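Shown here is one chain on its own, the form predicted on its own, set out as structure tokens.
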């Protein structure tokens, strides 16, 4: 056979057709279109938010698929084909410059998302995400509805939890400083309330805590811990003013638990997937030392010191 232009053209087209059949059409034909246990149809407002998501290229930085080897991310559920049967096009994504959003619904209350879309540095001070304030209030609200639907029925359950605790947190905040401080402490299990911070206060530890505070906390709680960070105008109840806790019995364990687990219903997120244990203890000691003006770091009851401690 002579390698004429016609033969080359036919060969190339045949190869491309074989690749398309194997990699595109065959998997599509074999796809399971049975709804998963979390599937539900989206509302018209959620679909409108999805269109805003697509138009602004959010898929370039955020995936919507958790795979079996992604368990290190802390997800509770591997994505299934039945999750996406109503999505066209599917926003699976190919990279994660930002976090995966497949189960983002109900991870935060609405006001956290609104502050985040206006300027991501308000809620995540080290975020690379561009601000979307230019979308305007109405479209940001619509986009928030879509993000809060991610996870479908599982997201609906988380949203119900957020709404319940949002009402409780507002009630506590509006009852005054004393009632709010008492309510916050009461949400911490009894055993944690008597645990002191196990690490000693040192110049190095406070510097590490300061750095973590700037990376994660300053956007809401502000540089002096008074709750007047740039996110504050969009959040209700507003971020906690740590200085109002001065003179109260606030143990390192209380601070640790609330940093680790967050305060559902408020814009205070959990950090158990972002920070290792020591970092949570040290940013907690930084808050206690500088803003609450009391620290129980390395007080009794104590266990054996870690090998690296002075």
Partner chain sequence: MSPAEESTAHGNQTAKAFTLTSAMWFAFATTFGMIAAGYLVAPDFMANVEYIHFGRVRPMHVNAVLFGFVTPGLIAAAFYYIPRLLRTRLYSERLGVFSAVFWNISVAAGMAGVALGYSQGREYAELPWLVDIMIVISFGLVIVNFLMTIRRRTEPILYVSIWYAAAAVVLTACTYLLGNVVWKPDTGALAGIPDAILLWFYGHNVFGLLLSPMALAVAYYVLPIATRSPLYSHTLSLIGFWSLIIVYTHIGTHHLLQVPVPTWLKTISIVDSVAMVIPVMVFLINIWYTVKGKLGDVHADIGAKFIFTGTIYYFFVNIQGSMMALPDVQRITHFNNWVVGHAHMGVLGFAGVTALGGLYFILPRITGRPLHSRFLADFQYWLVLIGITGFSIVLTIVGLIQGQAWYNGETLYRTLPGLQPYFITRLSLGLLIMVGAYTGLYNVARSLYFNRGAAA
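Nothing here was measured: the structure is a model prediction, and the numbers come from that model. Numbering follows the first chain given and starts at 1. The term rigid core refers to the maximal set of C-alpha atoms that superpose within 1.5 Å between the two forms.
Another form exists, predicted in complex with its partner chain; not displayed. Remarks below refer to it.
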| Closest heavy atom of residue 45 to its partner chain in the predicted bound form, within 4.5 Å or not? | no
| message | Contact with its partner chain in the predicted bound form for residue 5, defined as at least one heavy atom pair within 4.5 Å: yes or no? | response | yes
| residue 247 near its partner chain in the predicted bound form, any heavy atom under 4.5 Å? | no
| Contact label in the predicted bound form: residue 133 to its partner chain, heavy atom within 4.5 Å | yes
| message | Exactly one residue in 194, 137, 95, 202 has a non-hydrogen atom within 4.5 Å of its partner chain in the predicted bound form; which is it? | response | 95
| Out of 178 to 186, 87 to 95, 232 to 240, 141 to 149, where are the residues with a heavy atom within 4.5 Å of its partner chain in the predicted bound form? | 87 to 95
| field | Triplet 110, 173 and 264 all within 4.5 Å of its partner chain in the predicted bound form via a heavy atom | value | no
| query | In sequence order, which positions of 17 to 38 have a non-hydrogen atom within 4.5 Å of its partner chain in the predicted bound form? | reply | 19, 20, 22, 23, 24, 26, 27, 28, 31
| message | Once both forms sit on the same rigid core, is the C-alpha displacement of residue 293 at or above 2 Å between this form and the one not shown? | response | no
| task | Align on the rigid core first; then say whether the Cα of residue 278 has moved by at least 2 Å between this form and the one not shown. | result | no
| said: Does residue 44 shift between this form and the one not shown by 2 angstroms or more at the C-alpha, the core having been superposed? | reply: no
